[in-house]
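Listed next as structure tokens is one chain, alone, in the form predicted alone.
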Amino acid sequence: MKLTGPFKQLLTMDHLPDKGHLSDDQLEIIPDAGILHGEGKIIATGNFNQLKEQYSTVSVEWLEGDYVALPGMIDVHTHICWAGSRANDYAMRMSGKSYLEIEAMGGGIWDTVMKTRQSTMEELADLVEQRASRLLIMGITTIEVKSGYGLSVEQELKILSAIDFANRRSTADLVTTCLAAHILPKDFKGNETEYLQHICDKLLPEIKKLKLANRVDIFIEKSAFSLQAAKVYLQKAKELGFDIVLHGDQFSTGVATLANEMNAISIDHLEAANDQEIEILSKGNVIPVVLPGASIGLGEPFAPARKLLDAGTSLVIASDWNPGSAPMGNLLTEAAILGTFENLSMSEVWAGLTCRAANALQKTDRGILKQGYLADIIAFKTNDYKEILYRQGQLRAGMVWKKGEIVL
């Protein structure tokens, strides 16, 4: 066992509801705190001096200076397994071209697919590990990673294997999602229904057999897959034992009803969600995941986070880090900016990065600093937690612990 501290403030993120708006006075803040941990888990939190007296024989990890501690952040939506660059796409967007126009001109997702297909599994695993390491030192201790830049059975298996290999070498925890239904590949000889059936028949059973992923995602949009085709695909994925999530309501609406009907874990994007979509989501348990990095990268409006919370839904904030629409890959900055535009309280932002984010990955052992949970801890060199979001990403995590082991 080890006692770490003292922390000027410790935000446990405990005792917060899973849905609806939050005020900052709901935050449990322990002053002059310590965290007792062992074998990767938290044993106790509380006043540092009291814990030191109670557990007088344990080693102490003394902190010099003022630090504020929080649970490690959880990024529930990334695409960090890719090769190549889409800087040319970004330049065209800055010149006034839309996302869909760039795709029609040969850019977009298909451009990354072609570059990623040229890389080996080992090369992709190295890239994933490098990006995961970057996120870890920024305080993100659990990272969801999607496939989707292979778009064939062979190539998707290569990408999923690369993520699995990177996870075995990475200090951060990687959670894999199959996004073979990203777009209809240009080299597939058939329509969307035939492609999705092909994926169900040839790819998903193999993923289950090799234990490469437990989650399936699909992009529902005019440039990707229709609601009708998605419904059939998701039903088959569920029959095979996969949990499902959806890319929905990014540029057009209509996905909320399907998300509820399919008992999806989350619906991610929602930049185009209107009042009707929000009302539909408020009647179910689907978790809205908003992606401010995509809004910043594309110059599009932010998802209606304030309205979603006021309607009584949950709200999770993720980076969508990818080479095209969300190249920033800085979750804390993106969340701080979203908070200012959508009038989110600091507690709503932090819940969307920690305890509520854990729910979106169905991880019941993290996102909160309390007994029995993983000792995934981040600390910022300040004496007031409000400074962290106020600095909009400029105040970086000064210390990071993964399962009780210090990594930064």
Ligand code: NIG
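Residue positions are given as counts along the sequence shown, with the first one as 1. No experiment lies behind these values; they were computed from the predicted model shown.
Beyond the structure shown, there is the form predicted in complex with N-(iminomethyl)-L-glutamic acid, which is absent from this document and is the topic of what follows.
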item	value
Touches N-(iminomethyl)-L-glutamic acid in the model of the complex: Gly324 (any heavy atom, 4.5 Å)	yes
Heavy atom of Ile109 within 4.5 Å of N-(iminomethyl)-L-glutamic acid in the model of the complex	yes
In the model of the complex, Gln250 touching N-(iminomethyl)-L-glutamic acid (heavy atom, 4.5 Å)	yes
In the model of the complex, Phe219 touching N-(iminomethyl)-L-glutamic acid (heavy atom, 4.5 Å)	yes
Candidate stretches 170-178, 78-86, 204-212, 121-129 - the one whose heavy atoms come within 4.5 Å of N-(iminomethyl)-L-glutamic acid in the model of the complex	78-86
